[in-house]
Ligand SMILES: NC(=O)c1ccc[n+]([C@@H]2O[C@H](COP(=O)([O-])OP(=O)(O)OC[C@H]3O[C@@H](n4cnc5c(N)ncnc54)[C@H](OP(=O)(O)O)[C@@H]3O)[C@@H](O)[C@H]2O)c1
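In the block that follows, a single chain appears as structure tokens, in the form predicted on its own.
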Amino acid sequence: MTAPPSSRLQDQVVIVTGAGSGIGRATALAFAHAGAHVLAVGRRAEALHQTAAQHPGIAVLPADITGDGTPQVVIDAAADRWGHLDVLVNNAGATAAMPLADTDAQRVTDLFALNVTAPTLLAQAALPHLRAGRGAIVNVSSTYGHRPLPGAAHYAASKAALEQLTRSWALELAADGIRVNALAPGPTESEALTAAGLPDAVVEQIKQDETARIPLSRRGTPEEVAAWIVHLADPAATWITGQVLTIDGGLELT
């Protein structure tokens, strides 16, 4: 009989970035409920503490992962606290509505710093620990990492880069027993659109338009996405690597 996820993940050490809300918060909670020790990382201390208040297995580290040296600080914080590191979930990211005509060099730089460079440096810093425990990396992409997104092409491009990193790292690290996969959620209930600076009316219209295009006729929930992140990180998923799993209610089929 296959062991339940709660027993397989017992005492695993997991880092979840962007854990102050949305998919990140749901993921931190899902791992904690499965018995893991979770380091919740994010820029907003208050939001992280709200996440941690929901389960005693979650510790917090307020940090800007794009800061110089911060990726190593994050990895060391988990390893020093629990003695090892088993899973890195690169969830932190940002979206940006930026038509080509309005492209701003600094916004492009900042977007890629958070969505591509920071996950890379976190994975690099985590390597010695993941090698020691034959651990896993789960990158959070987007359905728009492999389909066009007019008006936000640079966001889509950053997620496409993350998906290619996932495939390349999977091959590069397979000999070390490290599995690398990605999850590509479709439109999910979160604060991402508001955080991108869009007015409430625009956010609501985008949500309505997205819902109308999704075959299952609804946006996803953070908990639905988190469940699959846990599945990909589960030690029992021994033969899955280099995959990008899309969870979007069928949107990519349209």
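Numbering starts at 1 and follows the sequence shown. Values in this document were obtained by computation on a predicted structure and should not be read as measured data.
Keep in mind the form predicted together with the ligand is missing from the figure; the text below concerns it.
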Option touching the ligand, based on a heavy atom within 4.5 Å in the predicted complex, out of Ala63, Ile214, Val203, Ala59: Ala63
Contact residue in the predicted complex, from Leu165, Leu114, Ala136, Ala123 (heavy atom within 4.5 Å of the ligand): Leu114
Contact check for Gly22, Ala92 and Ser141 against the ligand in the predicted complex, heavy atom at 4.5 Å: yes
Proximity of His55 to the ligand in the predicted complex, heavy atoms at 4.5 Å: no
Interface membership of His49, the ligand in the predicted complex, 4.5 Å heavy atom rule: no
Contact of Trp169 with the ligand in the predicted complex (heavy atom, 4.5 Å): no
Distance check, Lys159 to the ligand in the predicted complex, heavy atom within 4.5 Å: yes
Options 179 to 187, 124 to 132, 80 to 88, 97 to 105; stretch whose heavy atom lies within 4.5 Å of the ligand in the predicted complex: 179 to 187
